[in-house]
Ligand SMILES: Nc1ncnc2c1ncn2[C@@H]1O[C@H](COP(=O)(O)OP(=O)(O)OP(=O)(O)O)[C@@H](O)[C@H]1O
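In structure tokens, the next block holds one chain alone, the form predicted on its own.
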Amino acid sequence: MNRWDHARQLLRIGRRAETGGSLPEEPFRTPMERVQPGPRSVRCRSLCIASGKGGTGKSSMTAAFADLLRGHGKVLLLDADLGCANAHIFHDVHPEHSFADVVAGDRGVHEIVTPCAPGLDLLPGGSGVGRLAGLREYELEMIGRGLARVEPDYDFLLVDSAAGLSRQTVAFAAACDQTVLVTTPDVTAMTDAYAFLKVFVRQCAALGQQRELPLLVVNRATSDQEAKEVGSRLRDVTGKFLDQRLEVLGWIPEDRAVFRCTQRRQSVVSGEPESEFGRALEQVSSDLLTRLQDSDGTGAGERLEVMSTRPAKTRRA
């Protein structure tokens, strides 16, 4: 049995609580001590919300994060699902231009910025443009260069990533200062979450980057115990096969408020902030905001541009 098969087998182990065993060590982090931030860079702090598969609630979570973050500074939301974008729906805007125009050479990145709300702007992806799902290196470099131009006008860059393991999806995640990986308790979502982490680590290593694993958020959990079990199982697998400790940022309950707000073309934070989803996300975002504010932005656009032009290191067998 190879390492990948072994990892998948571990992720399919039944719940320990149901088989009479005790839960493993608490996987959720304790509040970090605040530290004094260093000198502020002209570049904004960047955060990518990613998932290994579609349907985990990543986009609704990103939309809510965007509305929470704009209370702490000016936010630029980048819809990195370039070929099948939907971030505009959650903010009820109808962009005239998108990354399809940028890749075609008709517009610069700064020319597709779409205002959504006070303190929140959007860089829209294309809708139904399959070609954007597989950009060439020079096109990704062009986007990175344009992004570097607009970043200094913002305090936060929030990237709504496409689901999956494509090179450009992982590139956006690796370019950001911090990445949050969203999963659900569904075993397929957990398996794909581990696959994302595996590809993330390998791609960063190939580019000569030393990066910590993305932070994990368990969405649509029915209880704290279920969320802990998901975090523990993924943490066990990443520790065993990636030799890194996975940190679980928190969990979000299943809540019909997400459906209702999406139907109204708004985020949960905007439409039903006192819902279970809204309260849980605010708690998670408080910890995340501390991490972002205590770091100095490195410039996601510049990092994306460099990654697009840097040849990957040859891996030894």
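Since the structure is predicted, the reported quantities are computational estimates derived from the model, not experimental observations. Numbers for residues come from their place in the sequence shown, where the first is 1.
There is also a form predicted together with the ligand; it is not shown, and the following applies to it.
The partner is absent here; in the model of the complex, the one residue of L69, L281, L47, V258 having a heavy atom within 4.5 Å of the ligand is V258. Comment: the ligand is not present in this chain, but in the model of the complex one of R220, H91, R233, R107 has a heavy atom within 4.5 Å of it, namely R220. Although the ligand is omitted here, in the model of the complex all of G57, S60 and E254 have a heavy atom within 4.5 Å of it.
You can rule out all but one of 212 to 220, 130 to 138, 149 to 157, 186 to 194: in the model of the complex, only 212 to 220 has residues with a heavy atom within 4.5 Å of the ligand. Contact check for F65: no non-hydrogen atom falls within 4.5 Å of the ligand in the model of the complex. At the 4.5 Å threshold, heavy atoms of E229 stay clear of the ligand in the model of the complex, well away from it. Within 4.5 Å of some heavy atom of the ligand in the model of the complex lies at least one heavy atom of A163.
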